[in-house]
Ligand code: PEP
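Quick heads-up: it's one chain on its own, the form predicted on its own, in structure tokens.
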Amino acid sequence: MILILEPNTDPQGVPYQQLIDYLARLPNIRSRVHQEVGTQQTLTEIYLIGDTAALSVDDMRTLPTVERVVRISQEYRILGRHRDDARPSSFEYNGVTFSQDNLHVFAGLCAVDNPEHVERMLQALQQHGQVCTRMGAYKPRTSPYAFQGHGKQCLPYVFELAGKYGIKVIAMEVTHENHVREIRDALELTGRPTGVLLQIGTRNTQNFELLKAVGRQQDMPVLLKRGFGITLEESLNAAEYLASEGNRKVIFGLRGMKTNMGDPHRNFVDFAHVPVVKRLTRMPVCIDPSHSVGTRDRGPDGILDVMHVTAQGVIAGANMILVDFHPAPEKALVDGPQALRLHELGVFLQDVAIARSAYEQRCALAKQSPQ
């Protein structure tokens, strides 16, 4: 059960303390408090865990400072979409709103290689009106001898260049809680010219200690990619690990399933699960067409496979696209064969706009149709 308190409830006030004292006396029930501090108001939710079936929703509504009560019926307690649950499916970070209703493109370098390529990438994004990108500093690789990323050494110039070109959010993978500290330190050192969306890759979806550590920090949102070789339910529960530690600013990423049934693509495209995740949870949903396809092959219609796959995800309602671009793919240190070129950025964005328009038309049509 979730108790949603009146906005700007004072945690030091008498009514709030009366509420907490009452909840503490409930048998076989423990409570966990979550706060969202916005620019205009603070929202507080209290999660009651344990034997809540015997609690009356009507009785709980009469408690001090309680505005609404949501009885949880699904497994995903914090991020789930529950019956009679009107909580928002959006959050704001560094001036950018992430929602189940909008769409952002994170085009950029899978792995940072040098300042020149970073600047050329960011310059191209600025020219096309983009404020988000992806930049990999820490790269977990299958082979121990492959390039592992420049790590914290590249963070200062990446952040400074992002600020120079008006980039507000950078998606950046982390594989250890020390990486979170290094990113935060580099942001402070450079004067916070940009923001970072912490990315947890498919290999670490069930690294529960990493999930807990990243969840305990609440200043940066998190993009959690679906794990390969595990079910969708298991991956969604990994997202709950983040939220249960306090960070509910979570985006769920679909990046294809690890199976040879997807051949010749790198992974089996799972973008049909975009509406499923949106139905089960309140998380915005990201698609990763680059790691799903893994090549620059194109069909007889002249359209790249990666653009076809992107359109499939967007027309299904995706809210974020994580896609590889590079000024010189043949020189890329990671995943060069799948990276799009800078001169293709404009066409890619136009193609995304076409698919998004089709999705919006489908939504309008659905509203006209009898349920």
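So that there is no doubt, residue numbering starts at 1 and follows the sequence shown. Small disclaimer: the values here were computed from a predicted structure and weren't measured.
Just so it is clear, the following notes concern the form predicted in complex with the named molecule, a form of the same protein that is not shown.
A.B. asks: Of 159 to 167, 145 to 153, 118 to 126, 194 to 202, which is the one stretch near the named molecule in the model of the complex, taking non-hydrogen atoms within 4.5 angstroms as near?
C.D. replies: Going by heavy atoms within 4.5 Å, the stretch is 194 to 202.
A.B. asks: Would you check, heavy atoms only and a 4.5 Å threshold, whether E173 touches the named molecule in the model of the complex?
C.D. replies: Contact with the named molecule, yes.
A.B. asks: Consider V293 of the chain shown here, and say whether it contacts the named molecule in the model of the complex, taking contact as heavy atoms within 4.5 Å.
C.D. replies: No - in the model of the complex, heavy atoms of V293 and the named molecule never come within 4.5 Å of each other.
A.B. asks: Is it the case that L322, even though its partner is missing from this view, gets within 4.5 Å of the named molecule in the model of the complex, heavy atoms only?
C.D. replies: L322: yes, in contact with the named molecule in the model of the complex.
A.B. asks: Indicate whether the named molecule has at least one heavy atom within 4.5 Å of a heavy atom of K139 in the model of the complex.
C.D. replies: Judged by the heavy-atom cut-off of 4.5 Å, K139 is in contact with the named molecule in the model of the complex.
A.B. asks: From the list R255, H104, K249, R282, which entry has a heavy atom within 4.5 Å of the named molecule in the model of the complex?
C.D. replies: Of the candidates R255, H104, K249, R282, R255 is the one lying within 4.5 Å of the named molecule in the model of the complex.
A.B. asks: Please tell me which of C110, L236, V274, A243 lies within 4.5 Å of the named molecule in the model of the complex, judged by heavy atoms.
C.D. replies: The residue from C110, L236, V274, A243 that makes the contact is C110.
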